[in-house]
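In structure tokens, the next block holds one chain alone, the form predicted on its own.
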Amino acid sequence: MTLFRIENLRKSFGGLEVIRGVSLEVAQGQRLALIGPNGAGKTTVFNLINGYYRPDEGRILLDGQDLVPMAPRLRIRHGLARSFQNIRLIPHLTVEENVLLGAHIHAGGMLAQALPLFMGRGRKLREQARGLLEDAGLTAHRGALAGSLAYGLRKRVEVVRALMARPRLLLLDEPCAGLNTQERGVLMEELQRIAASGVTMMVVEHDMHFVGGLCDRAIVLNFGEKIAEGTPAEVARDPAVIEAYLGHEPEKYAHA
């Protein structure tokens, strides 16, 4: 069953068309990678989905409802969440407080999160945040200031914060950026666990080993156009993808 669909998406900046008629579908529970060289338009697609940009043409549908007329906060309420390539945790707040901020759209806005959360709904939100941190193996860091954590841990906390919005579709923008091999392995295991819980994912990522281990489908963009679609192994063997992006033998980049 299709959960998310983009139809003929187009976006230009200053007369330069950076997204050129892109269409794609993501099935419920699927893990779709959006890959391609720098400047291909991947993050622009994410920004269009989030509502940071408005498309010149096309529709963006989540569970059959067009997101284009919606404000970004309403898209979150409808089931969309995102983590960012550049970490956006608040360094002087604790890990738990940062995770709680992920629920602000359901708790009545940022002001509600700025108040003490010890009674009523606030208590339930704290329980939810602590449960998510426990599931991620991050309970020991709950009271630490986010700014004091190692980079890999902060990346994982940002994913947990996105889960507080109870997403049906989770967008992950270069989750491996800046991580070492061990950290990437831990993050992959965590995302596989989250996917197994039923969360649908779209991932922008350059690490094709990571893509091959996490995602079941991949779409390749180049100069704002879709040039290939299939499993990670299939797109890694596509001559157009090798020429435009990989530039190496396909077996180096994707699992069979």
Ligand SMILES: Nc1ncnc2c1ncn2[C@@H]1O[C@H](COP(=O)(O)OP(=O)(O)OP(=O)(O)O)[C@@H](O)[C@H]1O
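The structure presented is a predicted model; accordingly, all values stated were derived computationally and were not measured. All residue numbers refer to positions in the sequence shown, first residue = 1.
Note that the form predicted in complex with the ligand isn't included here; everything after this is about it.
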Worksheet item: Judged by heavy atoms and a 4.5 Å cut-off, are Val18, Pro37 and His206 together in contact with the ligand in the model of the complex?
Response: yes
Item to complete: Tell me the stretch among 189 to 197, 42 to 50, 226 to 234, 59 to 67 that has any heavy atom within 4.5 angstroms of the ligand in the model of the complex.
Response: 42 to 50
Fill in: Interface membership of Glu158, the ligand in the model of the complex, 4.5 Å heavy atom rule
no
Worksheet item: Is Glu96 close to the ligand in the model of the complex, meaning a heavy atom pair under 4.5 Å apart or at it?
Response: no
Discussion item. Residue-level contact is defined here as any heavy atom of the residue lying within 4.5 Å of the ligand in the model of the complex; does Glu183 satisfy this criterion?
Written reply: no
Practice prompt. Let me know which residues along 159 to 184 have a heavy atom within 4.5 Å of the ligand in the model of the complex, or say none if there are none.
Written response: Glu174
